[in-house]
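Have a look below at one chain only, the form predicted on its own, in structure tokens format.
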């Protein structure tokens, strides 16, 4: 099976072959340009093509990794264009400079493409209306578009009949083009069948591991099990003797473990052969200084750091005075701890690369095909216009596929072997050489007064800093300081202190990034303050939210309004749907938590039962305010997925370190939530007409604190260290 991609030239040629075609391009600044059978010089991130049969094609530039962008993005386009959903076709863009940044992450695809796609669809619609009006010799204001046609009274002209004349018209000014009002939407806000599902059901969908090209060979890499280690010596005699082995050689590390781990490569006729031969390699490793690191040494370092005088990052009011003035029963100090987490995508890392003398081609299941193109260019010296990157479907991303290590390794191998090479990582490779969510440790101190007001809040935190990993000596980023940027609750004094911990363990972005940590810590601690104040945890949150105000957003560090009415709205909806306050049986409890991340408001309510010292999650209720809900079914699926991911991290999974390496190597030790253990999940969407925001990640942060707050309600025991340990509930 081979993969196919559509370049700009091929796109235009396909239109010419079929007859006249209207093609609309949208640049990343939101400008709209119509082009007919000529090159485009401005960076483009999306194309619309309408052929003479009336079919509409969207060439979209965001990676489809199960989150549904191949459906939600065309829905936006189809609605503004006034076409029937059944007449929309989807193609993924090739990686060329014309499409701009193709990165897919930060829950930003729909939010970022919302206005550009609407403008493109509306512009094409107006051009088609104008073409029809000219043919009928009537005013354009007397015509309207509906279901892929322009109407004037009972007269009708299909879009396919109008594309030739419409393609010759000037494009309307993007600033003045008329966009539909929310009440005019016929597709947006109405669940549509996903465009990627049929191929995934019938087996025709091409994932990275499915790519096959003529003359392809297969490769695996033996990497040092200790982070930062490298090959000292190796003997490949036994490996070369395995039938089907084509070559064995060393690739060197590139960068600080960021681009390539280095190791011994085995190239063979099949992946299985390559893996069997890798088992026969005799390698002496230079383990390096990380050999002495373990989870326990890191924990001791964390404790030492939070015991020390840390760097004050932010201080508002006099926290020390507030704490001193509070009676002992009204103040709390406690520590929270979170471990490293692997991404554990169902499809392990893989990449296929073919490097030739004057060009290169790659098939990379990556969240950033543009980055893949950059890597190949840097390693080969080829200009980017000589490098084509195809982006097949991918079996999960969660931030892992935003890294460049696997395409770098594939390029290093293909550059040396000079054939199409498919590099495949085993599950063990993937689990032990991930870029993990940082481990972190937090000491929270706070006080409330007799009226239940928060008089002081201090947060001392340390972590294996993402910023420090990528750029040693750099300042901490949002992953460390998200608590300052998203603090929703009113407090008379606030103090944040931070110091990074030294670690050789590679780390980067994990689903919801800093919010997965900060959401647990903040929403657990506010629950503790509510208990100290003698208040209902739900009512305490509602009363402490105060007025809307500007907060820094971790995704771009810009100040944005935190709208407390929307924050309260999701809390109220979750509490109402979750029967907050309704009596439960002995040993059962409800917990609630809310968080603002990626411009989206989410509140989760958990209902649990404690049975024989174990927790059973009976129900999760989630309320989300994601702005305009483009595809409601897609939103629910994303929130359900985030909740399962969050429950897994709270109840099951962690990466621990011994002797400088990951202990968990596969799903037998890095356990995940089973279908049997997964509770019923109810997702309620707040109606809205404001611009849509992110939804792939925001459902995760309130999941763990809602769970642990429910456990406290059922047992009186606080869970401050994740995942929940054996004996925590005994």
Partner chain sequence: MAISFEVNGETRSVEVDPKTPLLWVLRDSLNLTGTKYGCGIAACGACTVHINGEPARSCSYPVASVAGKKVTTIEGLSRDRSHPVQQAWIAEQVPECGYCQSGQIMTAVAFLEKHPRPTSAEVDEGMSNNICRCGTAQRIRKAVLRAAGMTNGSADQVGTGGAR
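Residue numbers count along the first chain shown, from 1. All values reported here derive from a predicted model rather than from experimental measurement.
The form predicted together with the partner chain exists for this protein as well; it is not shown, and the discussion that follows is about that form.
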Heavy atoms within 4.5 Å of the partner chain in the predicted complex: does residue 666 have any? yes
Report yes if any heavy atom of residue 689 sits within 4.5 Å of a heavy atom of the partner chain in the predicted complex; otherwise report no. no
Quick one: does residue 234 come within 4.5 Å of the partner chain in the predicted complex, counting heavy atoms only? no
Just to confirm, residue 146 within 4.5 Å of the partner chain in the predicted complex by heavy atoms? no
If we test each of 549, 168, 200, 181 for a heavy atom within 4.5 Å of the partner chain in the predicted complex, the one that passes is 200
Contact assignment for the partner chain in the predicted complex, among 615, 88, 222, 521, heavy atom within 4.5 Å: 88
In the predicted complex, do 301, 446 and 498 all put a heavy atom within 4.5 Å of the partner chain? no
Out of the stretches listed (536 to 544, 452 to 460, 200 to 208, 292 to 300), which one is close to the partner chain in the predicted complex, meaning heavy atoms within 4.5 Å? 200 to 208
Who in 411 to 429 is close to the partner chain in the predicted complex, meaning a heavy atom within 4.5 Å? 425, 426, 427, 428
